[in-house]
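The data below hold one chain only, encoded as C-alpha coordinates and taken in the form predicted alone.
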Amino acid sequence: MTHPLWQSIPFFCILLPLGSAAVTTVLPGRIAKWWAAIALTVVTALSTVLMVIFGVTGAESYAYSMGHYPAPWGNEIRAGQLEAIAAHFFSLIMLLSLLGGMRKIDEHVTKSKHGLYYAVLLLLTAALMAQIYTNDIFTAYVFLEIMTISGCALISARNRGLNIVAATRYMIMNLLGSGLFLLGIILLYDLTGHLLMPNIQEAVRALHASGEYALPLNVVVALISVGLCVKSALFPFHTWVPDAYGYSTPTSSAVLSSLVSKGYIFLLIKIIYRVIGMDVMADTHIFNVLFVFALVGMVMGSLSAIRQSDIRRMIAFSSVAQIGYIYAGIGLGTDAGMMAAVFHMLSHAVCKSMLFLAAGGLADASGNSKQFRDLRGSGFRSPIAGVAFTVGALSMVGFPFLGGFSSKVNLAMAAAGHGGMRALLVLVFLAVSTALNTLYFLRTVITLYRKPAEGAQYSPERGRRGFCFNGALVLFICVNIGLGLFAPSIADAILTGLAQFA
(Lines give C-alpha, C1' and ligand atoms only; values in the text may rest on other atoms or scores of the structure.)
Protein backbone atom coordinates (compact mmCIF):
# COMPACT_ATOMS: atom_id res chain seq x y z
CA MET A 1 0.00 0.00 0.00
CA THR A 2 1.40 3.37 -1.01
CA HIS A 3 1.06 6.49 1.09
CA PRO A 4 1.16 10.19 0.16
CA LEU A 5 4.57 11.63 0.90
CA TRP A 6 3.36 13.70 3.87
CA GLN A 7 2.25 10.55 5.67
CA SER A 8 5.91 9.55 5.96
CA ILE A 9 6.62 12.56 8.23
CA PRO A 10 6.24 10.62 11.52
CA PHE A 11 8.72 8.01 10.30
CA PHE A 12 11.29 10.67 9.43
CA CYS A 13 10.69 12.48 12.76
CA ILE A 14 11.82 9.28 14.50
CA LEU A 15 14.56 8.25 12.11
CA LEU A 16 16.24 11.66 11.65
CA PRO A 17 17.18 12.32 15.31
CA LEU A 18 18.02 8.63 15.78
CA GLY A 19 20.46 8.66 12.87
CA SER A 20 21.77 12.10 13.78
CA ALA A 21 22.58 10.90 17.30
CA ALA A 22 24.92 8.27 15.87
CA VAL A 23 26.65 10.88 13.69
CA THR A 24 26.93 13.40 16.54
CA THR A 25 28.99 11.08 18.72
CA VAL A 26 31.97 11.26 16.33
CA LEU A 27 31.80 15.00 15.58
CA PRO A 28 33.82 17.71 17.35
CA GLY A 29 31.84 19.48 20.06
CA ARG A 30 31.18 22.72 18.19
CA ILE A 31 30.04 20.94 15.02
CA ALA A 32 27.98 18.45 17.06
CA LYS A 33 26.15 21.34 18.70
CA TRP A 34 24.99 22.85 15.44
CA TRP A 35 24.36 19.46 13.85
CA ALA A 36 21.95 18.71 16.72
CA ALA A 37 20.32 22.14 16.39
CA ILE A 38 19.79 21.66 12.64
CA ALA A 39 18.36 18.15 13.12
CA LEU A 40 15.93 19.44 15.78
CA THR A 41 14.95 22.34 13.53
CA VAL A 42 14.09 19.93 10.72
CA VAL A 43 12.06 17.70 13.07
CA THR A 44 10.20 20.76 14.36
CA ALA A 45 9.48 21.95 10.82
CA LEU A 46 8.21 18.52 9.75
CA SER A 47 6.02 18.25 12.86
CA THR A 48 4.60 21.71 12.17
CA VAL A 49 3.77 20.73 8.58
CA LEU A 50 1.96 17.60 9.79
CA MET A 51 0.00 19.59 12.39
CA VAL A 52 -1.05 22.15 9.77
CA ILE A 53 -2.15 19.40 7.36
CA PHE A 54 -4.38 17.81 9.99
CA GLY A 55 -5.69 21.18 11.17
CA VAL A 56 -6.39 22.71 7.76
CA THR A 57 -7.46 19.73 5.65
CA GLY A 58 -9.22 17.80 8.40
CA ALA A 59 -7.32 14.64 7.42
CA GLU A 60 -8.22 11.45 9.25
CA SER A 61 -5.74 9.54 11.39
CA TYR A 62 -3.84 6.80 9.60
CA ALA A 63 -1.57 3.83 10.26
CA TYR A 64 1.83 3.52 8.58
CA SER A 65 3.55 0.15 8.29
CA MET A 66 7.32 0.25 8.39
CA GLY A 67 9.21 -2.25 6.24
CA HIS A 68 7.69 -4.87 4.01
CA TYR A 69 5.62 -6.69 6.60
CA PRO A 70 2.15 -5.51 7.65
CA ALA A 71 1.07 -5.47 11.27
CA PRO A 72 0.93 -7.45 13.47
CA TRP A 73 4.11 -9.07 12.07
CA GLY A 74 5.76 -5.78 11.13
CA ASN A 75 5.99 -2.59 13.17
CA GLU A 76 3.37 0.10 12.78
CA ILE A 77 3.12 3.77 13.63
CA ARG A 78 -0.04 5.83 13.76
CA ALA A 79 -0.58 9.55 13.30
CA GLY A 80 -3.56 11.77 13.96
CA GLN A 81 -4.26 15.33 15.00
CA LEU A 82 -3.37 14.83 18.66
CA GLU A 83 -0.09 13.14 17.80
CA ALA A 84 0.79 15.97 15.41
CA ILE A 85 0.08 18.63 18.07
CA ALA A 86 2.15 16.80 20.69
CA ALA A 87 5.05 16.24 18.28
CA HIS A 88 5.06 19.91 17.27
CA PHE A 89 5.18 21.19 20.84
CA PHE A 90 7.68 18.58 22.06
CA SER A 91 10.13 19.15 19.21
CA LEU A 92 9.82 22.95 19.46
CA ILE A 93 10.47 22.89 23.22
CA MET A 94 13.45 20.58 22.73
CA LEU A 95 14.92 22.94 20.12
CA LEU A 96 14.41 26.08 22.23
CA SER A 97 15.77 24.35 25.35
CA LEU A 98 18.93 23.43 23.44
CA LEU A 99 19.41 26.92 22.02
CA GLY A 100 18.68 28.63 25.33
CA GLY A 101 21.14 26.50 27.30
CA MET A 102 24.01 26.21 24.81
CA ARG A 103 26.39 28.48 26.70
CA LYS A 104 25.85 26.70 30.02
CA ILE A 105 26.39 23.32 28.32
CA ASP A 106 29.82 24.57 27.27
CA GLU A 107 30.53 25.55 30.89
CA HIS A 108 29.04 22.58 32.75
CA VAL A 109 29.86 19.63 30.50
CA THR A 110 33.43 18.45 29.95
CA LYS A 111 34.56 19.44 26.46
CA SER A 112 35.35 15.86 25.45
CA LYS A 113 31.73 14.87 26.25
CA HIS A 114 29.94 17.59 24.27
CA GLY A 115 29.28 15.30 21.32
CA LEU A 116 27.81 12.64 23.63
CA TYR A 117 25.59 15.22 25.35
CA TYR A 118 24.06 16.36 22.07
CA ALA A 119 23.69 12.74 20.97
CA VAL A 120 21.68 12.04 24.15
CA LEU A 121 19.38 15.00 23.40
CA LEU A 122 18.78 13.61 19.91
CA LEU A 123 18.16 10.11 21.26
CA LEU A 124 15.64 11.57 23.68
CA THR A 125 13.92 13.39 20.82
CA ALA A 126 13.71 10.16 18.80
CA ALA A 127 12.26 8.35 21.84
CA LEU A 128 9.65 11.07 22.40
CA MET A 129 8.59 10.96 18.75
CA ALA A 130 8.38 7.17 18.91
CA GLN A 131 6.24 7.33 22.07
CA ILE A 132 3.89 9.71 20.31
CA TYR A 133 3.54 7.77 17.07
CA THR A 134 4.05 4.08 17.87
CA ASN A 135 1.08 1.76 17.57
CA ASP A 136 2.86 -1.15 19.27
CA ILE A 137 2.96 -1.32 23.07
CA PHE A 138 6.27 -3.19 23.27
CA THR A 139 7.94 -0.64 20.99
CA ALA A 140 6.59 1.99 23.39
CA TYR A 141 8.35 0.17 26.25
CA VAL A 142 11.65 0.03 24.33
CA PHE A 143 11.67 3.76 23.70
CA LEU A 144 10.44 4.40 27.24
CA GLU A 145 13.67 2.80 28.45
CA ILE A 146 15.67 4.92 26.02
CA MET A 147 14.01 7.97 27.58
CA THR A 148 14.96 6.73 31.05
CA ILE A 149 18.61 6.15 30.15
CA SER A 150 18.78 9.48 28.29
CA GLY A 151 17.32 11.31 31.28
CA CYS A 152 19.90 9.73 33.59
CA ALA A 153 22.69 10.78 31.21
CA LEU A 154 21.39 14.37 31.10
CA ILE A 155 21.44 14.58 34.90
CA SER A 156 24.92 13.10 35.31
CA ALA A 157 26.42 15.09 32.40
CA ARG A 158 27.46 17.78 34.87
CA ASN A 159 30.13 15.69 36.55
CA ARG A 160 29.66 16.59 40.22
CA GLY A 161 28.92 14.46 43.26
CA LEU A 162 25.46 15.99 43.69
CA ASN A 163 24.58 15.13 40.09
CA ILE A 164 25.75 11.54 40.46
CA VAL A 165 23.57 11.11 43.55
CA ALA A 166 20.61 12.75 41.78
CA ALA A 167 21.10 10.53 38.72
CA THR A 168 21.22 7.44 40.93
CA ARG A 169 17.97 8.35 42.69
CA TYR A 170 16.40 9.11 39.32
CA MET A 171 17.50 5.75 37.93
CA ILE A 172 16.27 3.75 40.94
CA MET A 173 12.78 5.30 40.88
CA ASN A 174 12.46 5.13 37.10
CA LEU A 175 13.61 1.52 36.92
CA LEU A 176 10.96 0.70 39.51
CA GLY A 177 8.37 2.34 37.27
CA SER A 178 9.75 0.58 34.19
CA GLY A 179 9.59 -2.78 35.94
CA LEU A 180 5.94 -2.31 36.89
CA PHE A 181 5.12 -1.18 33.35
CA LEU A 182 6.89 -4.18 31.81
CA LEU A 183 5.09 -6.59 34.14
CA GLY A 184 1.82 -5.03 33.00
CA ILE A 185 2.74 -5.54 29.34
CA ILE A 186 3.74 -9.17 29.97
CA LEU A 187 0.41 -9.95 31.67
CA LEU A 188 -1.50 -8.06 28.97
CA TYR A 189 0.22 -10.07 26.25
CA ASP A 190 -0.55 -13.26 28.14
CA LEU A 191 -4.24 -12.29 28.32
CA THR A 192 -4.66 -11.04 24.75
CA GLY A 193 -1.86 -12.54 22.64
CA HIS A 194 -1.26 -9.18 20.95
CA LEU A 195 1.20 -6.27 21.11
CA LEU A 196 -0.43 -4.04 18.48
CA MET A 197 -2.64 -1.51 20.28
CA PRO A 198 -5.88 -1.86 18.24
CA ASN A 199 -5.70 -5.66 18.48
CA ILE A 200 -5.13 -5.49 22.24
CA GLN A 201 -8.11 -3.18 22.66
CA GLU A 202 -10.37 -5.52 20.70
CA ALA A 203 -9.30 -8.47 22.85
CA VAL A 204 -9.64 -6.47 26.09
CA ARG A 205 -13.18 -5.40 25.15
CA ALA A 206 -14.11 -9.01 24.49
CA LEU A 207 -12.66 -10.13 27.84
CA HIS A 208 -14.42 -7.30 29.66
CA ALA A 209 -17.75 -8.10 28.01
CA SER A 210 -17.47 -11.78 28.89
CA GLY A 211 -16.34 -11.13 32.45
CA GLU A 212 -13.35 -13.44 32.05
CA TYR A 213 -10.04 -12.67 33.75
CA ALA A 214 -11.49 -9.60 35.50
CA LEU A 215 -8.93 -9.66 38.32
CA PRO A 216 -5.86 -10.10 36.06
CA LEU A 217 -7.15 -7.27 33.86
CA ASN A 218 -7.42 -5.02 36.92
CA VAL A 219 -3.87 -5.97 37.88
CA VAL A 220 -2.66 -5.04 34.37
CA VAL A 221 -4.30 -1.63 34.57
CA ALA A 222 -2.85 -1.02 38.03
CA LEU A 223 0.70 -2.06 37.05
CA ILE A 224 0.78 0.04 33.89
CA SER A 225 -0.80 3.10 35.53
CA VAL A 226 1.36 3.03 38.67
CA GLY A 227 4.49 2.41 36.61
CA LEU A 228 3.89 5.48 34.49
CA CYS A 229 2.86 7.53 37.55
CA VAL A 230 6.19 6.72 39.19
CA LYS A 231 8.10 7.73 36.07
CA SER A 232 6.16 10.98 35.61
CA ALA A 233 6.65 12.00 39.28
CA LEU A 234 3.06 11.99 40.49
CA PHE A 235 2.94 12.58 44.26
CA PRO A 236 4.16 10.70 46.32
CA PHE A 237 6.63 9.29 43.74
CA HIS A 238 8.30 12.67 43.27
CA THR A 239 11.22 12.43 45.68
CA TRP A 240 13.83 12.31 42.89
CA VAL A 241 12.55 15.51 41.24
CA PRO A 242 14.19 18.33 43.29
CA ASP A 243 17.75 17.03 42.98
CA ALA A 244 17.38 15.87 39.36
CA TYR A 245 16.02 19.23 38.20
CA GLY A 246 17.89 21.43 40.65
CA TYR A 247 21.46 20.30 40.03
CA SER A 248 21.45 19.68 36.25
CA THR A 249 22.47 22.08 33.49
CA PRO A 250 19.66 24.48 32.45
CA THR A 251 19.01 22.53 29.23
CA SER A 252 18.83 19.22 31.11
CA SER A 253 16.46 20.69 33.72
CA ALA A 254 14.28 22.23 31.02
CA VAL A 255 14.07 19.00 29.04
CA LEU A 256 13.54 16.71 32.03
CA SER A 257 10.80 18.81 33.60
CA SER A 258 8.94 19.72 30.44
CA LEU A 259 9.34 16.76 28.07
CA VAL A 260 10.41 13.52 29.73
CA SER A 261 7.62 13.46 32.31
CA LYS A 262 5.08 14.55 29.66
CA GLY A 263 6.18 11.76 27.34
CA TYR A 264 5.22 9.22 30.00
CA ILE A 265 1.86 10.91 30.59
CA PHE A 266 1.13 11.03 26.85
CA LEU A 267 1.81 7.28 26.70
CA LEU A 268 -0.62 6.72 29.59
CA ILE A 269 -3.34 8.69 27.78
CA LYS A 270 -2.67 6.68 24.62
CA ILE A 271 -3.02 3.43 26.59
CA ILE A 272 -6.25 4.64 28.20
CA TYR A 273 -7.81 5.38 24.81
CA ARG A 274 -6.15 2.96 22.40
CA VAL A 275 -5.21 -0.09 24.48
CA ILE A 276 -7.57 -0.53 27.44
CA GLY A 277 -10.47 1.76 26.53
CA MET A 278 -12.10 4.50 28.60
CA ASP A 279 -15.06 2.35 29.68
CA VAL A 280 -12.87 -0.53 30.84
CA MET A 281 -10.53 1.88 32.67
CA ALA A 282 -13.51 3.43 34.44
CA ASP A 283 -14.76 0.03 35.60
CA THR A 284 -11.38 -0.74 37.19
CA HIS A 285 -11.73 2.44 39.34
CA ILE A 286 -8.13 3.45 38.61
CA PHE A 287 -9.36 6.96 37.80
CA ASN A 288 -10.43 7.33 41.44
CA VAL A 289 -6.93 6.49 42.65
CA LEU A 290 -5.25 8.87 40.20
CA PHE A 291 -7.70 11.60 41.14
CA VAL A 292 -6.97 11.38 44.88
CA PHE A 293 -3.19 11.45 44.48
CA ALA A 294 -3.48 14.27 41.96
CA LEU A 295 -5.40 16.49 44.39
CA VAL A 296 -2.93 15.82 47.20
CA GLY A 297 -0.02 16.51 44.85
CA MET A 298 -1.51 19.85 43.78
CA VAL A 299 -1.27 21.09 47.34
CA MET A 300 1.78 19.25 48.70
CA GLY A 301 3.96 20.25 45.77
CA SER A 302 3.08 23.89 46.30
CA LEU A 303 3.67 23.68 50.06
CA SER A 304 7.12 22.20 49.43
CA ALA A 305 7.88 24.94 46.89
CA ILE A 306 7.07 27.67 49.43
CA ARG A 307 9.73 26.37 51.83
CA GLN A 308 12.59 26.55 49.30
CA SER A 309 15.33 29.20 49.34
CA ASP A 310 16.84 28.02 46.02
CA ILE A 311 15.01 29.21 42.90
CA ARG A 312 15.61 26.05 40.89
CA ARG A 313 14.44 23.73 43.67
CA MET A 314 11.37 25.94 44.04
CA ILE A 315 10.60 25.48 40.32
CA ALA A 316 11.21 21.73 40.69
CA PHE A 317 8.70 21.35 43.54
CA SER A 318 6.27 23.47 41.55
CA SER A 319 6.41 20.77 38.86
CA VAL A 320 5.05 18.26 41.37
CA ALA A 321 1.97 20.44 41.85
CA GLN A 322 1.55 20.95 38.10
CA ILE A 323 1.76 17.20 37.43
CA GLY A 324 -1.10 16.95 39.91
CA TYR A 325 -3.18 19.28 37.71
CA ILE A 326 -2.63 16.98 34.73
CA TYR A 327 -3.58 13.85 36.64
CA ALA A 328 -6.63 15.60 38.09
CA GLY A 329 -7.90 16.03 34.53
CA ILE A 330 -7.15 12.37 33.75
CA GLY A 331 -8.81 11.31 37.02
CA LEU A 332 -12.10 12.89 35.97
CA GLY A 333 -12.37 10.08 33.42
CA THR A 334 -14.10 12.20 30.76
CA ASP A 335 -13.10 13.52 27.34
CA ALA A 336 -13.27 17.08 28.70
CA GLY A 337 -10.98 16.11 31.56
CA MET A 338 -8.52 14.47 29.17
CA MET A 339 -8.55 17.59 26.99
CA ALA A 340 -7.80 19.73 30.06
CA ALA A 341 -4.97 17.35 31.00
CA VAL A 342 -3.41 17.49 27.51
CA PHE A 343 -3.74 21.28 27.34
CA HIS A 344 -2.08 21.69 30.73
CA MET A 345 0.60 19.23 29.67
CA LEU A 346 1.48 21.51 26.74
CA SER A 347 1.17 24.71 28.76
CA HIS A 348 3.29 23.39 31.61
CA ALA A 349 5.94 22.07 29.22
CA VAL A 350 6.34 25.51 27.65
CA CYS A 351 6.35 27.33 31.00
CA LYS A 352 8.70 25.02 32.84
CA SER A 353 11.40 25.08 30.16
CA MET A 354 11.21 28.86 30.09
CA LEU A 355 11.41 29.11 33.89
CA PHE A 356 14.47 26.87 34.20
CA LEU A 357 16.33 28.66 31.39
CA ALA A 358 15.42 32.06 32.81
CA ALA A 359 16.47 30.99 36.30
CA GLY A 360 19.88 30.04 34.90
CA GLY A 361 20.29 33.50 33.37
CA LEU A 362 19.20 35.22 36.58
CA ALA A 363 21.63 33.12 38.63
CA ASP A 364 24.44 33.98 36.22
CA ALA A 365 23.73 37.65 36.77
CA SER A 366 23.90 37.10 40.54
CA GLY A 367 27.34 35.61 41.00
CA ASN A 368 26.11 32.15 39.95
CA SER A 369 23.96 31.94 43.08
CA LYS A 370 20.47 30.45 43.02
CA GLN A 371 19.59 31.70 46.52
CA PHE A 372 16.78 34.23 46.72
CA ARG A 373 18.83 36.60 48.84
CA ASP A 374 21.40 36.92 46.03
CA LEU A 375 18.82 37.22 43.24
CA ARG A 376 17.68 40.69 44.29
CA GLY A 377 17.79 43.02 41.32
CA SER A 378 18.69 40.23 38.88
CA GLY A 379 15.67 41.14 36.77
CA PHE A 380 17.46 44.40 35.92
CA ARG A 381 20.86 42.77 35.43
CA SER A 382 19.43 40.17 33.00
CA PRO A 383 16.32 41.87 31.56
CA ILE A 384 15.15 39.21 29.08
CA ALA A 385 15.49 36.46 31.69
CA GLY A 386 13.61 38.62 34.20
CA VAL A 387 10.71 39.22 31.80
CA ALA A 388 10.61 35.54 30.77
CA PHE A 389 10.54 34.37 34.39
CA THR A 390 7.80 36.87 35.18
CA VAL A 391 5.66 35.71 32.26
CA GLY A 392 6.20 32.06 33.23
CA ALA A 393 5.36 32.79 36.87
CA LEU A 394 2.20 34.68 35.94
CA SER A 395 1.16 31.83 33.66
CA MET A 396 1.65 29.28 36.44
CA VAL A 397 -0.41 31.45 38.78
CA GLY A 398 -3.18 31.74 36.19
CA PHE A 399 -2.91 35.28 34.84
CA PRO A 400 -5.43 35.93 32.01
CA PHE A 401 -4.29 35.69 28.37
CA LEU A 402 -1.51 33.22 29.25
CA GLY A 403 -1.42 29.45 28.80
CA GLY A 404 -1.67 28.61 32.49
CA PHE A 405 -4.90 30.60 32.87
CA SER A 406 -6.54 28.69 30.00
CA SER A 407 -5.34 25.40 31.54
CA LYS A 408 -7.02 26.13 34.85
CA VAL A 409 -10.21 27.31 33.16
CA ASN A 410 -10.33 24.10 31.10
CA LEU A 411 -9.84 21.98 34.23
CA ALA A 412 -12.52 23.89 36.16
CA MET A 413 -14.99 23.58 33.27
CA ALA A 414 -14.26 19.87 32.88
CA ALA A 415 -14.88 19.37 36.60
CA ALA A 416 -18.11 21.39 36.46
CA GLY A 417 -19.26 19.30 33.51
CA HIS A 418 -18.55 16.12 35.46
CA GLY A 419 -20.59 17.34 38.44
CA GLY A 420 -20.92 15.72 41.83
CA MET A 421 -18.32 15.63 44.58
CA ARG A 422 -15.40 15.56 42.13
CA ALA A 423 -16.41 18.94 40.74
CA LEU A 424 -16.40 20.45 44.23
CA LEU A 425 -13.07 18.85 45.13
CA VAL A 426 -11.37 20.05 41.95
CA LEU A 427 -12.62 23.61 42.40
CA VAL A 428 -11.56 23.73 46.07
CA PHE A 429 -8.11 22.23 45.51
CA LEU A 430 -7.64 24.35 42.39
CA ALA A 431 -8.36 27.50 44.43
CA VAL A 432 -6.02 26.45 47.26
CA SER A 433 -3.23 25.47 44.88
CA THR A 434 -3.60 28.71 42.91
CA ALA A 435 -3.35 30.73 46.13
CA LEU A 436 -0.16 28.86 47.04
CA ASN A 437 1.20 29.33 43.50
CA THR A 438 0.62 33.04 43.86
CA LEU A 439 2.46 33.11 47.18
CA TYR A 440 5.75 31.60 46.02
CA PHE A 441 5.85 32.72 42.40
CA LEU A 442 4.97 36.37 43.02
CA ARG A 443 7.35 36.44 45.98
CA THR A 444 10.08 35.34 43.59
CA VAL A 445 9.15 37.93 40.95
CA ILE A 446 9.20 40.69 43.58
CA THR A 447 12.63 39.47 44.72
CA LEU A 448 13.98 39.73 41.16
CA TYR A 449 13.16 43.44 41.09
CA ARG A 450 14.05 44.39 44.66
CA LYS A 451 17.05 46.54 45.46
CA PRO A 452 20.18 44.33 45.91
CA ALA A 453 21.62 43.83 49.36
CA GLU A 454 23.91 46.59 50.66
CA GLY A 455 27.41 46.27 49.22
CA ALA A 456 26.54 43.46 46.79
CA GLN A 457 28.44 43.66 43.50
CA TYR A 458 27.90 41.59 40.38
CA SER A 459 29.76 41.39 37.09
CA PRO A 460 27.59 42.82 34.27
CA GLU A 461 29.19 40.36 31.84
CA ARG A 462 27.66 37.40 33.67
CA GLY A 463 24.15 38.63 32.86
CA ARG A 464 24.78 38.59 29.12
CA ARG A 465 24.03 35.16 27.70
CA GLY A 466 23.99 35.90 23.98
CA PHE A 467 21.55 35.89 21.09
CA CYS A 468 20.48 32.23 21.27
CA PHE A 469 19.56 32.49 24.95
CA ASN A 470 17.57 35.70 24.53
CA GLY A 471 15.95 34.52 21.30
CA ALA A 472 14.84 31.23 22.88
CA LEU A 473 13.24 33.03 25.82
CA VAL A 474 11.44 35.51 23.56
CA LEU A 475 10.03 32.63 21.51
CA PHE A 476 8.95 30.84 24.69
CA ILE A 477 7.11 34.00 25.77
CA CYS A 478 5.37 34.19 22.38
CA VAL A 479 4.31 30.52 22.53
CA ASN A 480 2.96 31.00 26.06
CA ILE A 481 0.91 34.02 25.02
CA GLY A 482 -0.26 32.14 21.92
CA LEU A 483 -1.51 29.28 24.10
CA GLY A 484 -3.56 31.79 26.07
CA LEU A 485 -4.95 33.76 23.13
CA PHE A 486 -5.81 30.77 20.93
CA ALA A 487 -6.86 28.44 23.74
CA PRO A 488 -10.38 27.68 22.36
CA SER A 489 -9.02 26.62 18.96
CA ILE A 490 -6.27 24.52 20.55
CA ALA A 491 -8.79 22.89 22.91
CA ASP A 492 -11.07 22.02 19.97
CA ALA A 493 -8.11 20.54 18.08
CA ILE A 494 -7.19 18.42 21.12
CA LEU A 495 -10.78 17.17 21.43
CA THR A 496 -10.79 16.26 17.74
CA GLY A 497 -7.50 14.43 18.22
CA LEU A 498 -8.85 12.52 21.22
CA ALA A 499 -11.89 11.46 19.15
CA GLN A 500 -9.50 10.13 16.48
CA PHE A 501 -7.45 8.52 19.23
CA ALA A 502 -10.37 6.37 20.29
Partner chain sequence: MNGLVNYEEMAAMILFGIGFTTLLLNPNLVKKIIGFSMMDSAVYLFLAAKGYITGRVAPIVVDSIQEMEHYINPIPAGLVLTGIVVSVSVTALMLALTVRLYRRYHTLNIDEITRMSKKEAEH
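Keep in mind the model is a prediction, meaning the values are calculated, not measured. Numbering follows the first chain given and starts at 1.
The protein also exists as the form predicted in complex with its partner chain; that form is not presented, and the subsequent description refers to it.
This chain is drawn without its partner chain; in the predicted complex, the residue among 412, 384, 299, 175 with a heavy atom within 4.5 Å of it is 175. Of the residues given (306, 142, 427, 292), 142 alone sits with a heavy atom within 4.5 Å of its partner chain in the predicted complex.
Proximity of residue 287 to its partner chain in the predicted complex: non-hydrogen atoms within 4.5 Å are absent; the residue sits far from the partner. For residue 210, no non-hydrogen atom is located within 4.5 Å of its partner chain in the predicted complex, even though that partner is not displayed. Contact annotation: residue 168 falls within 4.5 Å of its partner chain in the predicted complex, judged by heavy atom distances.
Its partner chain in the predicted complex is approached by residue 179, whose closest heavy atom lies within 4.5 angstroms of it. Across the options 93-101, 358-366, 180-188, 252-260, residues that bring heavy atoms within 4.5 Å of its partner chain in the predicted complex belong to 180-188. Each of 149, 243 and 313 is positioned with at least one heavy atom within 4.5 Å of its partner chain in the predicted complex. Contacts with its partner chain in the predicted complex, taken as any heavy atom within 4.5 Å, map to no residue of 21-54.
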